[in-house]
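As a starting point, one isolated chain is supplied in structure tokens, in the form predicted on its own.
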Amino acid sequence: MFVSKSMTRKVLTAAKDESIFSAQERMKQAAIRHLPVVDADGRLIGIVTDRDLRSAMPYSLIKNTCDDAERAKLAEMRVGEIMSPDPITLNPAHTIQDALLLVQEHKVGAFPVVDDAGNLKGILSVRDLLRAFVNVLGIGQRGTLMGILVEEKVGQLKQIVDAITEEGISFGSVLVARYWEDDKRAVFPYLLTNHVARVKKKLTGMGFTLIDPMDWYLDQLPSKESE
């Protein structure tokens, strides 16, 4: 799925000469945490976050104890003074997988989406990514996530799919993940039913090992000794 299909297109933006008070108020009213900064031609030049704004506000202002002179000085501060210039961006042709890897690498909550000329086309937030993956994985519908340990050889996934469809059960999605043993894989089918006892019995009878998806995930986390 491409970023262009998942991004928010109607983006609230700021100019670099806008006051930080104005930017903060508009972000609060729109319930957003990221405000792309553009020039007069709509090209992205930076981004300001709610964290940037909070960092620019002195503790006395937060506690409403600052004097008029201090407040007036803050009123003169502009978005361009606190924004992050040249932020990491996405292109509309990037995939949501590309975006997810960038989130993991850079630990940010949103990416402006720009075309090849640098024009702002949208913004993709972690919330947008979650919504996209819910749609892709089919987990918006009620169902059951199963975990199945398989050998690393051709035909294993087909056997599982055939066994489940023979029971008249539909799939929301199927994920295949690496296992800690080189010759094994973990298969996670999301089945659009809560009645899986028969298919579980069938799969174990075929020689497959069932695993708890949550236990499998926790096993992948680093131990405290290795951190």
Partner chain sequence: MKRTGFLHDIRYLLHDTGPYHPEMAERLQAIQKGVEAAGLLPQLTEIKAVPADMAWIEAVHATVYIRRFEEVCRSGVRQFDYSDNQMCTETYDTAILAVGGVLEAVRMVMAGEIDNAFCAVRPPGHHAEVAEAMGFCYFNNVAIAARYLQKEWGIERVGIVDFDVHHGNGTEHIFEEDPTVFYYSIHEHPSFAFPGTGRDFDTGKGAGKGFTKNSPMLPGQGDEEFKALIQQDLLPAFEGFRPEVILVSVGFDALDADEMADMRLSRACFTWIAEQLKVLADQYAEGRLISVLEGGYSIDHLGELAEDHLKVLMRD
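Definition used throughout: the rigid core is the maximal C-alpha set that superposes within 1.5 Å between two forms. Numbering follows the first chain given and starts at 1. Computed from a prediction, not measured in an experiment: that's the story for all the values here.
The form predicted in complex with the partner chain is left out here; the points below concern that form.
**Q** In the predicted complex, does each of G143, H195 and K200 have a heavy atom within 4.5 Å of the partner chain?
**A** Yes, the whole trio is in contact, each within 4.5 Å by some heavy atom.
**Q** Just to confirm, M206 within 4.5 Å of the partner chain in the predicted complex by heavy atoms?
**A** Flag for M206 set to no.
**Q** Tell me, yes or no, whether M214 is in contact with the partner chain in the predicted complex, where a contact means a heavy atom of each within 4.5 Å.
**A** Looking in the predicted complex, residue contacts with the partner chain include M214, since a heavy atom lies within 4.5 Å.
**Q** Residue-level question: is Y179 within 4.5 Å of the partner chain in the predicted complex, judged on heavy atoms?
**A** No.
**Q** According to a 4.5 angstroms non-hydrogen atom cut-off, is I169 in contact with the partner chain in the predicted complex?
**A** Because a heavy atom of I169 falls inside 4.5 Å of the partner chain in the predicted complex, the answer is yes.
**Q** I88, L157, I139, L130: which sits within 4.5 Å of the partner chain in the predicted complex by any heavy atom?
**A** It is I139.
**Q** Heavy atoms within 4.5 Å of the partner chain in the predicted complex: which stretch in 80-88, 143-151, 94-102, 107-115 meets that?
**A** Heavy-atom contact with the partner occurs in 143-151.
**Q** Could you tell me whether the Cα atom of H195 shifts by at least 2 Å between the shown form and the other one after core superposition?
**A** After core superposition, the displacement of the H195 C-alpha between the shown form and the other one reaches the 2 Å mark, so yes.
**Q** Does M146 move appreciably between the shown form and the other one, meaning a CA displacement of 2 Å or more on the superposed rigid core?
**A** After core superposition, the displacement of the M146 C-alpha between the shown form and the other one reaches the 2 Å mark, so yes.
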